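Okay, so we've got the same protein chain twice, two forms, each given alone as C-alpha cells, structure 1 and structure 2.
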Structure 1
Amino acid sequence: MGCGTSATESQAKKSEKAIKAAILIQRWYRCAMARLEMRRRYALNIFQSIEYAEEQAQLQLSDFFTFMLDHFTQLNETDTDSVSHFFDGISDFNTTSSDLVLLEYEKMIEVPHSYRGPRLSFPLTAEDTAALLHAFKYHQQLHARYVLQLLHETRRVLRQMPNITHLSTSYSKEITICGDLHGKLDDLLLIFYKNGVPSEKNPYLFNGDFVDRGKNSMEILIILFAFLLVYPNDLHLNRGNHEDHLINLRYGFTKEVMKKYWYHGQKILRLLEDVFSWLPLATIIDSKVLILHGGISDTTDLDLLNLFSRNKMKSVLKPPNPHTEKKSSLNKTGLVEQHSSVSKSMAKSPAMSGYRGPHTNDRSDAEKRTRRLHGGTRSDLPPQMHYLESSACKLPELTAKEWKQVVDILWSDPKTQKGCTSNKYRGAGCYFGPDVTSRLLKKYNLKMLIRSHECKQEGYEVIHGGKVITIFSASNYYEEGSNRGAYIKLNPDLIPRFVQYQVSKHTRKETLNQRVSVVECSALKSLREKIYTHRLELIETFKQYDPNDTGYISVGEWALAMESVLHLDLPWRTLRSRLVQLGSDERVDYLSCFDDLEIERPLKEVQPALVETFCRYRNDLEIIFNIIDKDRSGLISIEEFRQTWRFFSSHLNINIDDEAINKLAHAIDFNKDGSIDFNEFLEAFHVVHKFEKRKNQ
C-alpha cells in the first residue's frame, strides 16, 4: 500500500511539472506570436501611411494647376493650338463608325510577319481570350494595332452602359467580386485558375484599380476588356481612383505603356483616358448590395450619380473651376479643402510657412510674388502648359456637386467612429462612420456595401456590423508576404463567401518569422528614406526641444517632432527602437535617425538644400515634366525645366535662388544640346543607404 501511494504521488508530481512546462511553452509561444503580429501590423501601417501621404501629394497637384490658371493665364478662345494633348481624350476616329475605325487601324499599323504574339479578329471570341491568357502567361506582348482596336471596341461597349449597373444572382450563377489588382497579373491568373474564367455561367465584377504599381497593368486591362467584349452581360467593371490618366503619371502605368508601346504609346494613352471616363461608377446586385470602389459620404446621392454624364470626369486632379462654382458645398471633401490652403500639409518649414495659397484672403501676396517673378502676363506661361486653361472649354463642364459625388465614391474610407469627416490622410474623399452607412442603406433599401480601395492583411475586412465589406485582390501588395489577396462569391442568399490566396515566387516555403522580417525591413527602409527627405525640417524641429544644443531630447518630444513634420499618424514610440538610439540617460539621440543614409549628389553644382528639395518633390516634378513632354521622348528643354521649376517653387513658396536653378539646368545638359533627360536626372536624386552602397561596391 505504501509503495502504491508513493508511486501515485510521483506520477502526480511529474504530471504537474509537465502541465507547468506546457503552460510555460504556451505562454512563450503566445508572446512570440503577439510580437510577430505587432511587427506585421506596424509594417503594414508604415506602408499605408506612406502610400496615403503620396496620394495626398499627388492630389495637391490640382492646387498647382489651379494656381497656374489663377495667376498666369487668361482664357484665349482664339488660341486653338494651345489645347492640350493631355486633356484631349477624344481619339482621332471618335465620330467614325466602329467598322471603319477598325479598318483604319489595319491600314495605319502593320503587323509584321515576325510577330509571334496573339492575332485578334473582331468581334472577339472565347478562343481569343484563351489565346491572350496563354500569351501573357509566357510574357508575350499584344501588338499595338490589336490594342488600339480592342480599346476602341471597349469604349463603344462602355458608352452604352449606365452609370450604375444592376445585376441579379442565382444559385447556379454566383457572382465573383474582385477588388484592386494594381497590375499584378499573377493574382488575376491565380483567380481564374481557382475560380474559372469569366463566362455566361461564371459572371465576374472587378471593382476598380486595375492599373498602376504593378508591372502588368496593360495585360490586365487587355484581358478584362477582351472578356467584356465576349461576355458583355457577364463581365462587369467599376471605375477606381487609379483609372485616372493624371494619377497614372505618378504610379507607373503611363511609363509602362510608353515602355511597351513606345511608337503608339501616346495614342493608346489618349484612348485609355476616354475609356476610363466611360467605366461605370457602381453596381447594385439583387437591389440589395451596393458595390463601388471607395466608399460614401453623408451627401452621396445615387440618383444623381445615375443621371449625370460620367465621361465628364476625366481626372480628380482637374476639379471644377473654383471661380464658377461655390465651394461651400464641398467642405466635406478633403481635396477641396486643400484648395483653400494650398500648402498646409506640404509646407511646414519656415521657408514655406508664409504662403497661404492662391485662394485665401491673402491673394495679393501671391499675386505680387507672381508679378515679381513673371510679370503677370499670359505670354510668360510656357506654351506646353496652356492645356491648363484650354481644357475647361474643350471638355464638358462638371458641376461641383457632380465632381464631389464621384470623388467621394472613388476615394472615401470607412471608420469605426460615427460621422463623416475629411479624409485628411489621402487628401480626398471622406471617412464615413457606421451611422452614415446605415442611413444610406436605409434610404435606398439596401442591405450591404462592398468596396475595395484599401489593402487588408487577410485580403478582406468586415466592419460596421457586417454592413461594409472591403475586398482587396492584390496579394503581396507592398512586399512579398505583406498581405493575402481575396475575392467574394455571392449567391441569392447574399451571404458573402471569401476565398483567400497568396502568390508566392519561392518554391521553398519560408517561416512566418522570415516572412514578417522581410516585410518589416522593407517598411522600415521606406520610412527611413521618407524621414531623410525631411531632414532639415526635422532637425530644426528637434532643436526647438533642445535649446542647449545637447543633441538629445526626450522620447515624447521626439515622437511629437516626428509627427508634426511627417504627418504619418504612426506609433512613433513603438518604432523608436528601430529608428533612433538612446543615450545613457534614456534620452533620444535625435541625429541618429539619419545615420547610414544620404542623398546622392550627382553634380557638384547642386547645393545640399536644393538636393533635399528635389528629392522630396521628385514625384511631383516627374508628373509635371511628363505633362510638358508632349512626344514622350523623356526630354525637355532647359528653358522648360527652368520655367517649370520657378512656377512650382513659387507655388510652394520655396525660396531657391534663380541662379542656382540656372546653373543646375546647364550642368545637367550633359551633351550641351539644349535638352534635359529628366527621368535620368530625377532618378539621380534619391536616398541611398550607406551600408548597402558599401556592400554593393
Structure 2
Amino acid sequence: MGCGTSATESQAKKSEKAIKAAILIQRWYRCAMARLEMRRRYALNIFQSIEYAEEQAQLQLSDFFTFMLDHFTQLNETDTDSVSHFFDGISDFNTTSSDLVLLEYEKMIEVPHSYRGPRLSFPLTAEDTAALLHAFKYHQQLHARYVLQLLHETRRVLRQMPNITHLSTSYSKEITICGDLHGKLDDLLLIFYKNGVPSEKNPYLFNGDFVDRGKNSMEILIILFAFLLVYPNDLHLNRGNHEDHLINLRYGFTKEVMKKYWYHGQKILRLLEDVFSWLPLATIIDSKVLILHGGISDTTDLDLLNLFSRNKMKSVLKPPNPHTEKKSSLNKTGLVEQHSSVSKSMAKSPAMSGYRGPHTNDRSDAEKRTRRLHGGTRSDLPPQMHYLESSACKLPELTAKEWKQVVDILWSDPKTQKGCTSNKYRGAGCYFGPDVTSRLLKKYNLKMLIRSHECKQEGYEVIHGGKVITIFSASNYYEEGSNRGAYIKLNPDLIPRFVQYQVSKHTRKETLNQRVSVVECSALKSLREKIYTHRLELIETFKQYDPNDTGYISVGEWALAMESVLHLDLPWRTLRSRLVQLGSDERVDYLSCFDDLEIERPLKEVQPALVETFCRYRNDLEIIFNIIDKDRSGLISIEEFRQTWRFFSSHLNINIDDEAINKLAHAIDFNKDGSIDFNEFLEAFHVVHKFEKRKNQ
C-alpha cells in the first residue's frame, strides 16, 4: 500500500510538472503570436494609410487632371480617323440597331487568322463564357474587336437597369456576394472553382472595384460582362469608386488597356467610360439587405438615388460646376432640377416609388432649361484653365446634391464612433457611425448593409452590431500574404455565411512568421520611400526640436514631427525601432532614417528640393506624360515638359523659377536632341534602397 501511494504521488507530481510545462509553453506561444499579430496589423495599417493618402492627393489634383485630359484629348481629336468618329456617333443607338452596330465593328476591325484566342458570337452563350475562362487561365488575350462588341452590348443591357436593382431570393437558393477584385484574376478563378460559375441556379453579385492595381482588370471585366450578357437576371454588378476613368489613370487600369490593346486602346477606354457610368449604384435583396460599394452618409436618400440619370456621373474627379447650383437655386422648387435630369431610360424604371411630384411632359423644355443653367462662364478659373470652358458638355450635369449622393455611397467608410464626418483620409465621402447606420436601416425598413471598399485581413468584417458587413475579395491585396479574400453566401433567411480563401503562389507552405515578415518588409519599404520624398521638410521640422543641433531629439518629439509632416496617422512609437536608430541616452538619431535611401540617379545641376518634389509626384507625372504622349513614342518635347511642369507646380503652389525648370529640362535631355525620354526621366527619380542595390549588384 505504501508503494502504491508513493507511485500515485510521484505520478501526480509528474503530471503537475507536465501541466506547468504545458502552461509555460502555451504562455510563450501566445505571446509570440500576439507580437506577430501586431506586426501584421501595423504593416496593413501602413499600406492602408499610404493608399488613402495617395487617393486623397489625386482628388486634390482633380482640376489639374481634368484640364490636362480636356486639353490634350481635344488636340488629338482634330486629327480624326473615321473609325473613332463613327463610334462617337453611335453612342445613342437604340436596341433595334444593335445588330447593325455589331456588324459595323466586324467590318471596321479585322481579326487575323493567326489569332488563337476565343472568337465570340453574339448573342453570347454559356459556351462563350467557358471559352473565355479557359483562354484567360492560359494567359490569352481577347481580341479588341470582341472587346468592343462586348462592351457595346454590355452598355445596351446596363442602360435598361434602374439605379438600384431589386432582387429576390425566392427563385434561387443562395446568392453569392463578392467584394473588390481589383484586377486579380486568380481570385476570381478561385471563387468560381470553389463556388461554381454564375448561372440561373448560381446567382452572383459583384460589389464594385473590379479594376485597377491588379494586372488582369480587363480580363475580369470581360468575364463579368460576358456572364452578365448570358445571365442578365443572375449576374449583378454594382459600381465601385474605381469604375471611374480618371481614377483608372492613376491606378493602373488605363495603362493596362493601352499596353494590351495599343491602337484600339483609346476606343476601348472611351466606351468603358460610358459603360462604367451605366453600372447600377446599389442593390437591395428581399427589400431587406442593401448592398453598395462604399457606404452611406447622414444625407443618403435612396429615393433620390434612384431617380436621376446615373450615367451623368462620369468621374469623381469631375464635380459639377458650382455655378449650376447657384443658378438652379433660383428656381422655385428643387423638383425642376430633377425633372430635367430624368432621361428616357429612367421612365422605364420600376422603382419610381417614393418620388413625389408632377411629371413634366415637355422633356425638351426641361432640357433647354438645363442647358441654359450651364451656359455661364466659369469665371472663377485661373487663366490657364480657360480651356475647360470650351469643352462642350454633351449631357446636362448632375446637381451638387445628386453628385454628393453618389460620391457618398461609393467612397464612404464606417467608423466605430457615432456621427457622420467627412472622410479626410480618402478625400471623398464620409465616415459614418453606428447611429447613422441604424437611422438609415430603420428609415427604409432594412435589415443590414453589405459594402466593400476596404481591405480586411480576414477578407470580411462585421461591425455596427452586425448591421454592417465589409466584404473584400482580393486576397494578398497589398502584398503576398497580406490578407485573405472572402465572399458571402446569402440564403432566403438572409443570414450571411462567409467563405474565406487565399491565393497562394508557393506550393511549399510558409510559416506564419515568414508570411508576416514578407508583408511587414514590403510595408516598411513603402513607408521609407515616402519618408525619403519628404526628407527636406522632415529635417527642417526635426531641427525645430533640436536648436543646439545635437542630432538627437526625444521619441515623443520625433513621433510628433513625423505625423505633422506625413499625415499618415500611424503608430510612430511602435514603428520607431524599424525606422530610426537610438542614441545611448534613448534619444532618436533623427537623420538615421535616411541612411539606407538615395535617389537613383542624382542630378547635380538640380536643386535638392526640386528633385525631392519630382520623387514625390513621380506617379502623377507618369500619368501626365502618358496623356501628352499620344503617339506613344515615349518622348515629349522640352517645351511640352516645361509647360506641363509650370501648370502642375502652380496647382501645387510650388514656386520654382523658370531658370530652375530650364536647367532641369536640359539636364534630363540626356541625348541633347530636344526631346525627353520620360520613362528614363521617371526612372531617375526613383527612390532606391542602397542596401538592396548593393545586394543585387
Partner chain sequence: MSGSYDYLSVYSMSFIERGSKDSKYPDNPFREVGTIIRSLGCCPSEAELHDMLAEVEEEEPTGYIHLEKFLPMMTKVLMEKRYRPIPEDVLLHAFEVLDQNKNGYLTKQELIKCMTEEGEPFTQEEMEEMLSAAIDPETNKICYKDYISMMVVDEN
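Note that the rigid core is defined as the largest set of C-alphas that superpose within 1.5 Å between two forms. Treat the numbers as computed from the prediction; the structure is a model and nothing was measured. Throughout, residue numbering runs from 1 along the sequence of structure 1.
Matching the description of the form predicted in complex with its partner chain is structure 2; structure 1 comes from elsewhere.
Put the two forms on the same core and the Cα of Glu640 is off by 2 Å or more between structures 1 and 2. Superposition of the core reveals a Cα shift of 2 Å or more for Lys663 between structures 1 and 2. Fit the two forms on the rigid core and the C-alpha of Lys14 turns out 2.7 Å off between structures 1 and 2.
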